[in-house]
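Only one chain is given next, in structure tokens, and it is the form predicted on its own.
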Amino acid sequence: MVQIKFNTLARHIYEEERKYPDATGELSDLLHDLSLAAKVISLEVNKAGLVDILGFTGDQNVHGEQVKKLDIYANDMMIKAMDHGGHLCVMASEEDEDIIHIPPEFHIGKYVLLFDPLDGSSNIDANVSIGTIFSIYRRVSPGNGPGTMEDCTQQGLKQIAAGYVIYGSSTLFVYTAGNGVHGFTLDPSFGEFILSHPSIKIPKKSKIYSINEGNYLYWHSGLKKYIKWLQEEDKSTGRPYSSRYIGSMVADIHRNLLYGGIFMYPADSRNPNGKLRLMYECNPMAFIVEQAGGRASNGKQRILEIQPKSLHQRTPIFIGSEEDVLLVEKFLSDYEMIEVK
């Protein structure tokens, strides 16, 4: 058994900070605030079946989807935990149509926070793992005043930190600040995140694929061929692959990050721009997976290089083990050329 050094999230963040002589400690404080929000949300998620917090509110979010009570709670908690620390100039949430300004009575900082407060929330009632995803940028707008839309629509490659919290059989906080990916498990007995997954590396190739095959009819012909290829038996290439689809992006990618695999949410004839949000889901997850040695693309372009045109932009995504993502890109490209001819 590999012995892991006993380390808390707070201690780990500060130890990483010491590697950079010009570090101010602000990013460390920001990550600490996020871990506090995660603990409070985790507490509510864990008792969701026992209190009157389940079910729909009757409202719709900006995407036309029904909003669940726990979604609203997680969104409010993230905002309340982060708006007064003095480190942020602006925030944006998947649940809010516009950017979220820092109240004028609080200090305006130099960082930008984007987040999905509760990814996979359609699975809440079924007690399936769900999570919070976050992404941190430096402001690019001039001056020291409130942040702008420009600050919130930067390319993913400009992220300085990203992470997710998964609420499952245990609560895990996984993050990167551009120097590897590290995971911390919440010890409920004394309320601290403890280092449990240091320096996560995703295998270069896998035998697992994750996709909603109920949408097969509407897919690109190259993707259809790729899925059928994965299901064929061929020992020399390690096929067939196993299908594992939870329906909660954060849970599917967390599993693949640990064991290898490819997660796909493609465009189709009904959703030509895909369904997942670039800023709140795809960019942070792409940053994390790349830091772990994986790959993330929309089928043609690296996710982190996409220039956002709007706050709630959607994109197809293929993310996970590098060789698997490269292969699906080849299938898509080859069959697109055939169709063009």
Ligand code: P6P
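In this text, residue numbers run from 1 along the sequence as written. Since the structure is predicted, the reported quantities are computational estimates derived from the model, not experimental observations.
One more form of this protein, predicted in complex with ligand P6P, exists but is not displayed; see below.
This chain lacks the partner; the member of 179, 212, 144, 243 within 4.5 angstroms of ligand P6P in the predicted bound form by a non-hydrogen atom is 212.
Site annotation in the predicted bound form: the residue of 262, 257, 113, 249 reaching within 4.5 Å of ligand P6P with a heavy atom is 249. Using a 4.5 angstroms threshold between heavy atoms, residue 37 stays clear of ligand P6P in the predicted bound form. Interface residue remark: residue 276 is counted as part of the site for ligand P6P in the predicted bound form, having a heavy atom within 4.5 Å.
Put simply, residue 122 is close to ligand P6P in the predicted bound form: some heavy atom of it is within 4.5 Å. Residues placing heavy atoms within 4.5 Å of ligand P6P in the predicted bound form fall in a single listed stretch, namely 276-284, out of 303-311, 276-284, 23-31, 37-45.
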